[in-house]
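Same protein, same chain, two forms; see structure 1 and structure 2 below, as structure tokens.
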Structure 1
């Protein structure tokens, strides 16, 4: 087995176990058994459990960040060229479309989503800190563009509404896996395109709501 294959197997196993057992509850012995490698291989490729979780998150987040940042930058460039505020809907689509598409982008993507969801409910902040540091490069330009698109709103209100959006997004990313309260007589099934479309409509109206 080559180095690349071994490293990928460790990352896949770690992602699965961290998502289902939790970072702290996953031992290196469990990890080596799941990945079918020895402890020396884990130490060789990652050095520690903390470096391993950084690698697990970076593998998924950095490519996603690159897509979102590129789309946000294009919106910013167009707004500058046309000397007008950026379009709020285009901003939301630039961030949300790649994010929702990620769910089905690769084997293990759903485990990663579960891992991040678990991190935000875990009293220990090891995983949460790593994740937040890696998403900061996309969060800042997203926030600034939203402020430009919504000049009538105070920045602190835009920030608050952005956090509302992120909370709703986290729920919606798992909507097909979560226990749902479905009204009697309603057969609920939603495809990804409809989910994104309705989510953007919901968020756009919330973002643009008057502030008094």
Structure 2
């Protein structure tokens, strides 16, 4: 292999194109041209386009989830030790910060994050199911911790609010590079830091809203 591993070249190109054009709109021919590899190598290394999609998602999300789970577990342990409900903001940050940190780290990271936002609402069962399966192990402790932090709320309300957050998050991931709804010709340059800060503030207050 002259430069980079063929497998990772494919993954990188796929990540980029899938994120910017979508899964269906990206043909294996564009993809292999972008990666400068042979057309057949996708099927050779990954078996099929669909398996490639899974691989693209798995490569990034698994280590990311490991970090999130670890942080959530730490919060849970402290709450158990001190025998007091965990802090909401800490829970949110445990989930959000790794995402945004990762987003700024690797080169293709930004592409991947917006890809995640898309997979979240993908119409194809296969893609969404795979994605869901990967997210579940972090969703579950996140949900349980939130329930502990918000003991006055029914579980199904916490569940709804958690989904609101995930939706807002998925959308926010695309804001920066997305064709936006620009009010009055005034386009706001979205700074990544203020985005995170404001997101946490918004969600925290939404989460803590009294149950009417």
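Quantities reported herein were computed from a predicted structural model and do not represent experimental measurements. Between two forms, the rigid core is defined as the largest C-alpha subset superposing within 1.5 Å. Residue numbers count along the first chain shown, from 1.
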In this pair, it is the form predicted on its own that is given as structure 1
Rotational displacement of the smaller rigid part between structure 1 and structure 2, which moves against the larger, in degrees | 14
For residue 31, what C-alpha shift in Å results between structure 1 and structure 2 following superposition on the rigid core?
-> 4.2
Following rigid core superposition, Cα shift of residue 43 between structure 1 and structure 2 in Å = 3.9
